[in-house]
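Only one chain is shown below, in structure tokens, and it's the form predicted alone.
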């Protein structure tokens, strides 16, 4: 390495600290010698370490210092010292002893335990508990206690440097309330590398280098005679995390763009919906398990529902449409007027179809939004998640069209193979589970449902039977593979994850 170029890159703080390192290995000593603040010394050392001039070593050690009670006992005397002193003349009832020694009940109990263990006192029961001093106690009273000697030493102290008897004593003292406290501390030391030794021997020059031009230098032309510090383009700099959207929102934006590029119009709506639009118009029977508290979040209050559509929905449920028999039984407004957090975005599809009326066909719509299910949180289930939804209202639509739209979408999500497996949903016939072939795991993965809406759904809403292609998938299940994570991890709010996760680049 060119030593002169290295010298030219040194910051004024590095130039100040470097000459002292050979004689001062600790950060504290360097602060005293250089008369710089700790943050300035540490900054200089980190820069020098990045240049390979020094090596910073961090050592962890335990220190012991006096806690609140330890400081108080150093001035007032240990409780056991005051306990023994109070018994100097004669045995005393415990209440009088506590008062004379100025002890709390907790301190008195500790003294009794410690002194009985040492054979210093005996207890006898009269009207009150009476405490008497033994010959061994008299000796303790007149001698210095090991704990007293320990408290009088200079703190803080390195635990590793304590003699073995004091280490054992420390373990006993740590069991007492706020007497001593042991803390783990980090000490830092610095040493020169061979490159650093060469640099120190050569010297860092007079340090008369400048970091920036000033207006005065430009006006006077003095900059021509100045020596500028070289920029070190290899120096480590802190990582800067720019602002960005949540990665789930990035995925939503990408999916939204796919459907818009395919000519679809976005549907929107509120999170709270009447059960009428969320379930009834979709030909979900009013006694269906999906309406139970176990599957749906209900909201207090009652909704208003359109009487004309409700009349047609009632007929579809009770009598059927186009030759169907319906569900039978009696359909009631009260159940339909319940408010729920929407359980799927098909509620938006239903409202959109009802609003088409005499609009020209074909028409294509999509939605991406939050939905809610009353489910237990686990590695593959969330109680609040996003769902993307699509419908195509077209008199000429068929299953080949449905497959085209799904294959086109999933190919843009990185899946080239899509298949439909027969399934059941109350509001589509035929109904399918949508699966894609995972290119890495080499297996079929189920992602959602699709089908053609039943006449019992379309006729009450649109007034005529027109084929309506429909599909709905959980968004998180589609994008988890891209981010290589489980569902709950997507909303852990891990700041480091949010800063460093890869962007959506498909």
Partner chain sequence: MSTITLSRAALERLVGKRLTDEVLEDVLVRLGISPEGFDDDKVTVETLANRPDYLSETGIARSIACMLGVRKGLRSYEARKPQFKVVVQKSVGKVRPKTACAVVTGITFTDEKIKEVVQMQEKLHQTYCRNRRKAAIGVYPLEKIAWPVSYEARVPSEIRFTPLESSREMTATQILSTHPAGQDYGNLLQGLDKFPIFIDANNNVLSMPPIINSEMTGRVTPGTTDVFIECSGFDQGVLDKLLNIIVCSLADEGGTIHSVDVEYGASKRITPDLKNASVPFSIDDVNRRLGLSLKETEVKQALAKVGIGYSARKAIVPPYRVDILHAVDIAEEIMLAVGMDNIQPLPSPVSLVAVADRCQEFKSRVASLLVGLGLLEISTYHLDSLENQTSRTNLKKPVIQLINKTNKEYSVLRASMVPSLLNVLRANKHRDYPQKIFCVGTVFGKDPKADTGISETSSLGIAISHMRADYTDARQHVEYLLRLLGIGFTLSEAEDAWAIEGRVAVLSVGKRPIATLGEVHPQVMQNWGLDMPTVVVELDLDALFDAVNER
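Given the structure is predicted, the values throughout are model-derived calculations rather than measurements. Positions refer to the first chain, counted from 1.
Keep in mind that the form predicted together with the partner chain is missing from the display, and what follows is about it.
Among heavy atoms of residue 277, some come within 4.5 Å of the partner chain in the model of the complex. Remark: residue 77 does not count among the residues lining the partner chain in the model of the complex, judged by a heavy atom distance of 4.5 Å or less. Remark: residue 400 counts among the residues lining the partner chain in the model of the complex, judged by a heavy atom distance of 4.5 Å or less.
Proximity of residue 23 to the partner chain in the model of the complex: non-hydrogen atoms within 4.5 Å are absent; the residue sits far from the partner. Contact with the partner chain in the model of the complex, judged as any non-hydrogen atom within 4.5 angstroms, is confined among 183-191, 316-324, 219-227, 81-89 to 316-324. Among 300, 154, 126, 106, the residue placing a heavy atom within 4.5 Å of the partner chain in the model of the complex is 300. For the residues 370, 167, 96, 174, the 4.5 Å heavy atom test against the partner chain in the model of the complex is passed only by 370. Residues 454, 455, 456, 491, 493 are the ones in 454-493 with at least one heavy atom within 4.5 Å of the partner chain in the model of the complex, listed in sequence order.
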